[in-house]
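Below you will find one chain, with nothing else, as structure tokens; this is the form predicted alone, and questions on how it binds or moves follow later.
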């Protein structure tokens, strides 16, 4: 879970404003004008969240620390925030659950955006300082860290499509934001290893599975453009220490030079302890004169057939397997952690009070099976985090689209297990029994 999506209390406890606070107030930015001001009330009382973790029997749980809650513009640590996160982390430890803590899950402090946001190396420096403080104050309760979550979305939807905070629409700024985030990751990786030695550190990139609509040269070229922007622009610097060969032709020499100013690309590939992979999308792309994709020029994505999510995303387990094998090919010696994978649906509670999300049960069956197939074919997948534990604020989709295993009653903050939660608990129990049997054998 990410802080802005579940915590609420955006004006309490010394927290300063984030770009999502600002963006969500913009008319039309989110569904029905929803904001994260109340969210799931987890800051007020994390007990329901911890109870849900215990109910599932999880071994590990992913959460994020809110940057604008943890440190202020003067760099001073907010002691109330430290106390809150230590309470949550200690609660997880008491349950025997290993926390995976993400440091940047899109909630950039607004004061940093006012100074250039992710287009400025100053933001990277501030992030490294934040990572250092978090490790110093929380590191005794945290063994596993994610530095940056989904730099593609933060860069290209935050600075080009305008669909996410801060809502800018400038391709050169988006390209710069992509590389500054990766530079920030590299700096935070060094800082975490110094401040919290022995911890495992990685990043989390969202990777899509793409296929060309035909073997026509123009469709193959459209596919290559989409793959560059959505995947290779992050895979190659972070895993191979290089900029994709076709990046200059697509973005232009000037914007690429500006994007790389002050950044050592080879340093971006400093080895991490794991590669975090978020996967949601499979798309078939074709060339389009005008282009309908919000971030890739000259590309249209075809409507996907059933089954699909509530907002039209393909449910295609084979795509997940291909993504995992692709990462394994790029980094064969690196463990893969699936840091996000899930499906958004228009869930509802029936007259009997139950949420029977049979589509999510089918999704889990298919995607866990695809992961098992990838492992059998050589992918070193060591962890799987389903997105998400509970329904929460889903960014531009507001509270309408639901991803959770637990149904959130937003008026009260109460959580109730859906059919998929019971199914996932059974999956966990079976996997644990198989592992025990294998060790015993």
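Positions refer to the first chain, counted from 1. Small disclaimer: the values here were computed from a predicted structure and weren't measured.
Although not depicted, the form predicted together with a small molecule is the subject of the following passage.
With the small molecule omitted here, the record of contacts in the predicted bound form names 148 to 156 of 148 to 156, 282 to 290, 177 to 185, 129 to 137, defined by a heavy atom within 4.5 Å. Checked against the small molecule in the predicted bound form, the candidates 236, 357, 340, 321 yield a single residue with a heavy atom inside 4.5 Å, and that residue is 340. Checking 85, 367, 274, 106 against the small molecule in the predicted bound form, a heavy atom within 4.5 Å turns up for just one residue: 106.
For residue 395, a non-hydrogen atom is located within 4.5 Å of the small molecule in the predicted bound form, even though that partner is not displayed. Proximity of residue 387 to the small molecule in the predicted bound form falls within the 4.5 Å heavy atom cutoff. The small molecule is not drawn, but in the predicted bound form it has a heavy atom within 4.5 Å of residue 278. Interface membership of residue 407, defined by any non-hydrogen atom within 4.5 Å of the small molecule in the predicted bound form, is ruled out.
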